[in-house]
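Take a look at this single chain in structure tokens; it is the form predicted on its own.
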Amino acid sequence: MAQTVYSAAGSDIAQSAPQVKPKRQPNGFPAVVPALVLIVLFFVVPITALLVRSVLDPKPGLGNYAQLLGSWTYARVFANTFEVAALVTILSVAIGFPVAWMLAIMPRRWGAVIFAILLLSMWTNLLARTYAWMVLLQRTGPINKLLIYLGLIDHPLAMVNDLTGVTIGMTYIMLPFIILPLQGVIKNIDPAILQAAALCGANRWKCLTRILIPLALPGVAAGALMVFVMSLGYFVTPALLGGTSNMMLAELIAQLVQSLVNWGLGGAAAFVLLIVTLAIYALQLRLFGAGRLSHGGQ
């Protein structure tokens, strides 16, 4: 009887309590308006202004693009840019994949130490890191002295004011940008798959080449694309380690705009670089798909 009374009282209280309607979450077009406004203001408008200036300054037409693509000097700058970007990407993947794999399988305590070192290298001032490499790579620097002491070389190697120094310095800077994403991708791969392959007779090399690398390949592609695109537009490290004889595209654009005040030709160079970057990204999406790139092939 008492239980019935309590149940009835609870029912009356529940009915008399004000009904709180759940808040409606923004959806549809209004929800993305702020993001679209930011994209238009900080991406579409500057790119459009750059394109307009590249075809109107100093006179209407495609003269800036003809001069840029028809000159051997500018062609050499483009070749230097893509050569260094490709080398940096290949070296970053070759070094970053084993490091990411070790981070994924090593004990958490040691993994946290390595992870902290990577973050510390990213947080260190870029200019300071580049000047440090200038000291290390110069003819009288520690690297040349060590190589001579070990008997590997007879004379100091020229690694500053050369594309070699640019490649080394940029690879060091780009490594965290491929190690950190790859570590997450490899960590998400189910270890049972590798165990099943081992039980079926696959050795370590086959597990690596036929299972681990193919499963991590979309993540590798995404990291490699990020490193390649960032390398194409890098300025500080090539300017300090490369010198004027090995100029890259970002240095050329800065020189055209700041020193020569040639906004038309500088805009054309920047727009060509943008088109090439978007074409590479579209090709990668075609090969791997947006879903696989974002989820690391899982």
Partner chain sequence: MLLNYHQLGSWKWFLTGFTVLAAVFLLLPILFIIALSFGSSQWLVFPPPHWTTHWYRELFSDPRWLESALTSAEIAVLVMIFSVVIGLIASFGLTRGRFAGREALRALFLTPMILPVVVFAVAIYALFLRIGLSGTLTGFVIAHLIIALPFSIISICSALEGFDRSIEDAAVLCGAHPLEAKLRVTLPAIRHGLFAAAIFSFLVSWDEVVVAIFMASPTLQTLPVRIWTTLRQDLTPVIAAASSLLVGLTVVLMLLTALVRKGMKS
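Residue numbers count along the first chain shown, from 1. Not measured: the values here are computed from a predicted model.
What comes next is about the form predicted together with its partner chain, which is not displayed.
Give a yes or no on whether every one of 95, 121 and 136 sits within 4.5 angstroms of its partner chain in the predicted bound form by heavy atom. Yes, all three are in contact.
Can you check 147-155, 105-113, 75-83, 217-225 and let me know which stretch has heavy atoms within 4.5 Å of its partner chain in the predicted bound form? Looking at the other structure, the answer is 105-113.
From the list 62, 32, 52, 69, which entry has a heavy atom within 4.5 Å of its partner chain in the predicted bound form? So the residue touching its partner chain in the predicted bound form, by this definition, is 32.
Please tell me whether any heavy atom belonging to residue 58 falls inside 4.5 Å of a heavy atom of its partner chain, as the geometry stands in the predicted bound form. Flag for residue 58 set to no.
Residue-level question: is residue 142 within 4.5 Å of its partner chain in the predicted bound form, judged on heavy atoms? Contact with its partner chain, yes.
Although the partner isn't part of this model, could you tell me whether residue 127 comes within 4.5 Å of its partner chain in the predicted bound form, counting any heavy atom of the residue? Yes, contact at 4.5 Å.
Determine whether any heavy atom of residue 38 comes within 4.5 Å of a heavy atom of its partner chain in the predicted bound form, and answer yes or no. So residue 38 counts as contacting its partner chain.
Just give me the residues of 200-217, first to last, that have a heavy atom within 4.5 Å of its partner chain in the predicted bound form. The stretch 200-217, when checked against its partner chain in the predicted bound form, contributes 202, 203, 204, 205, 207, 208, 212 at the 4.5 Å heavy-atom cut-off.
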